[in-house]
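In the block that follows, a single chain appears as structure tokens, in the form predicted on its own.
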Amino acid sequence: MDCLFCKIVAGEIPSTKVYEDEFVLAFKDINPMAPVHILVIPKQHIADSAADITPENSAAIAHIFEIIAKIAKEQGLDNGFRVVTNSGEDALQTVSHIHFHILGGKKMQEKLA
């Protein structure tokens, strides 16, 4: 598989890790769109995007959201943060490995589109 995030999990491509456990890896985005911009991914390639979440893989997604809350607290995002996932070409998803962006550290824009 030629997946960028799978290569990061395997250590073939370096990243600035923020969190890691048996199932999840979180690292700083190389092109940050906010003062805090962290990507959170399942280590196993369980889905290409949110469109592929199923009863069989939803427990892994729930665990990711538990980790997102932990990371946000550790990063001092007490005034709030945004969690974004892009699903598909029209949403500008660039890596086909389900992932979530934690964005924070500043007041976000209201308009998303």
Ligand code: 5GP
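Just so it is clear, the model here is predicted, and its values are computed rather than measured. In this text, residue numbers run from 1 along the sequence as written.
The same protein has a further form, the form predicted together with this ligand, not shown here; the description that follows concerns it.
Student: Considering non-hydrogen atoms and a 4.5 Å limit, does this ligand approach residue 13 in the predicted complex?
Tutor: Flag for residue 13 set to yes.
Student: Given that the partner is absent here, does residue 6 sit within 4.5 Å of this ligand in the predicted complex, heavy atoms only?
Tutor: Residue 6 lies outside the contact set for this ligand.
Student: I'd like to know whether residue 30 contacts this ligand in the predicted complex, with contact meaning heavy atoms within 4.5 angstroms.
Tutor: Because a heavy atom of residue 30 falls inside 4.5 Å of this ligand in the predicted complex, the answer is yes.
Student: Is there any non-hydrogen atom of residue 37 lying within 4.5 Å of this ligand in the predicted complex?
Tutor: Heavy-atom contact with this ligand at 4.5 Å: present for residue 37.
Student: Just to be sure I understand the contacts: of 86, 75, 57, 44, which is the one whose heavy atoms reach within 4.5 angstroms of this ligand in the predicted complex?
Tutor: Selected residue: 86.
Student: Would you mind checking 66-80 for residues with a heavy atom within 4.5 Å of this ligand in the predicted complex?
Tutor: Heavy-atom contacts within 4.5 Å come from no residue here.
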